[in-house]
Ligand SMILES: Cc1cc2nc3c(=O)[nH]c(=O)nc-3n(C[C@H](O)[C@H](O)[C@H](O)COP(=O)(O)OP(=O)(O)OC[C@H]3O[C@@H](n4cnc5c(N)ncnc54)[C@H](O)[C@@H]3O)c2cc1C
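The chain below stands alone and is given in structure tokens; this is the form predicted alone.
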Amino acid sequence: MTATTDVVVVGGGIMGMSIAWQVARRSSLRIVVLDKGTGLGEGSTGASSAITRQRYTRVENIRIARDANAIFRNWADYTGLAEPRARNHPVGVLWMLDDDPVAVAADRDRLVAEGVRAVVLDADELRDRFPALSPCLAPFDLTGETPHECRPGEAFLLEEDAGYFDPTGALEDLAEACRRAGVDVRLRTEVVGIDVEGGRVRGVRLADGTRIAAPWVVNAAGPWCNRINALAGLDLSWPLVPTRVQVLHRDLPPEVPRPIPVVGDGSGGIYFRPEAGDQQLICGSILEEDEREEVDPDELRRVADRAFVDTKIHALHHRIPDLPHRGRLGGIAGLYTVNRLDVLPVVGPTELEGFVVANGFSGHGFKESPMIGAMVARYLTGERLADDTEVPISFFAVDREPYELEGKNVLA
């Protein structure tokens, strides 16, 4: 049996659903979203920390994150839902990375020039605004082999209009918005073939033997993206590697002073943020060496390793000295698709006419998803909306050269 549509989106995570919604917002094209999972968010989205920071190395990424942040702050208007499930949490993003006040001030100036609300705090101002946090910036040896002497930093960068979003709620909201707009969202539907004829994509074949004919196929399959590209006969020559990443979580007892922002902690090599109405903390790594565990995405171990939890909790206690050495500890593992060359994605048309990719987000995908969706939708429809980013899709082109970045990790 063969059905027909205009656009097939392979992958129903935050990226695929954002692309579908952005196409639906600006056109009457028929759209089908296909995901082999039994529920929404079984790939990268479900374990995302969904931090909406805007500090990046390249100005284009700052602009994309800034424009996406505006969407998150106006989520009900964007989705058209009167009561969306997802909430924006503008708790601030605090960067505790650099002890050079001149460099921190320059970082602030770059953000402010792009319309981001950012300020520099000294150690006293940090204590006043976030009394639970130690201002120490001395390197912290997680092995315990090197004695640690705290040394307060002189300057800290705070993004005042950033924070975090509810990732699973956001995905459910987009799925509802898509369905209301007539998008056909199918779970438990695996793509096992890509039909190609005359150098152009013609549709997809499904595991149940049916076929969907379409002139456009978008690969937004997250950690499974390489399989879909291979089905289309494509080798993008980018090392897009499914990578296991871990996050610990623990209770945040009432005796720890609030508020607590999102924190990027260079001395301990971690990031953390509040969760569950400030009743928990989640904590992950910002170290490149912790983003190297290549996995088969179908064989993911979803429980965090005990060694990871036991190591990172020490860095968390260093940053929050009042955090009691008691309470429930746990952790989960999720998936990034890491572009090993420059940790930026590849987005846009490929050499196969009609076949478009949005792959390799290296942990940046959630915060960029509204604007990546806009880029792809504008390419497919030719229609621009007022809240689209000005950064062109060519910035992430499949045939671009790798960008030079200081670090190849989640903070790049």
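The first residue of the sequence shown is number 1, and the count goes up from there. These numbers were taken from a predicted model, which means no experiment stands behind them.
Omitted from view is the form predicted together with this ligand, to which the following refers.
Peer 1: Which of these residues, Leu380, Leu34, Val356, Leu29, gets a heavy atom within 4.5 Å of this ligand in the model of the complex?
Peer 2: Answer to the contact question: Leu34.
Peer 1: Only one of Leu323, Leu126, Val191, Ala315 comes within 4.5 Å of this ligand in the model of the complex by heavy atoms, so just point that one out.
Peer 2: None of the others qualify; the residue that does is Val191.
Peer 1: Please pick out the stretch from 306-314, 102-110, 213-221, 116-124 that is in contact with this ligand in the model of the complex, where contact means heavy atoms within 4.5 Å.
Peer 2: Flagged stretch: 213-221.
Peer 1: Under a 4.5 Å heavy atom criterion, is Tyr271 part of the interface with this ligand in the model of the complex?
Peer 2: Tyr271: contacts this ligand in the model of the complex.
Peer 1: Using a 4.5 angstroms cut-off on non-hydrogen atoms, would Arg63 count as touching this ligand in the model of the complex?
Peer 2: Taking the distances in the model of the complex, the answer for Arg63 is no, it never comes within 4.5 Å of this ligand.
Peer 1: Answer for His364 alone: is it within 4.5 Å of this ligand in the model of the complex, judged on heavy atom distances?
Peer 2: Close contact exists here: in the model of the complex, His364 approaches this ligand to within 4.5 Å, heavy atoms only.
Peer 1: Classify Ala170 as contacting or not contacting this ligand in the model of the complex by the rule of any non-hydrogen atom within 4.5 angstroms, answering yes or no.
Peer 2: Outside the cut-off, so no.
Peer 1: Counting only non-hydrogen atoms and a 4.5 Å cut-off, give the residues of 1-15 close to this ligand in the model of the complex.
Peer 2: Those in contact are Val10, Gly11, Gly12, Gly13, Ile14, Met15.
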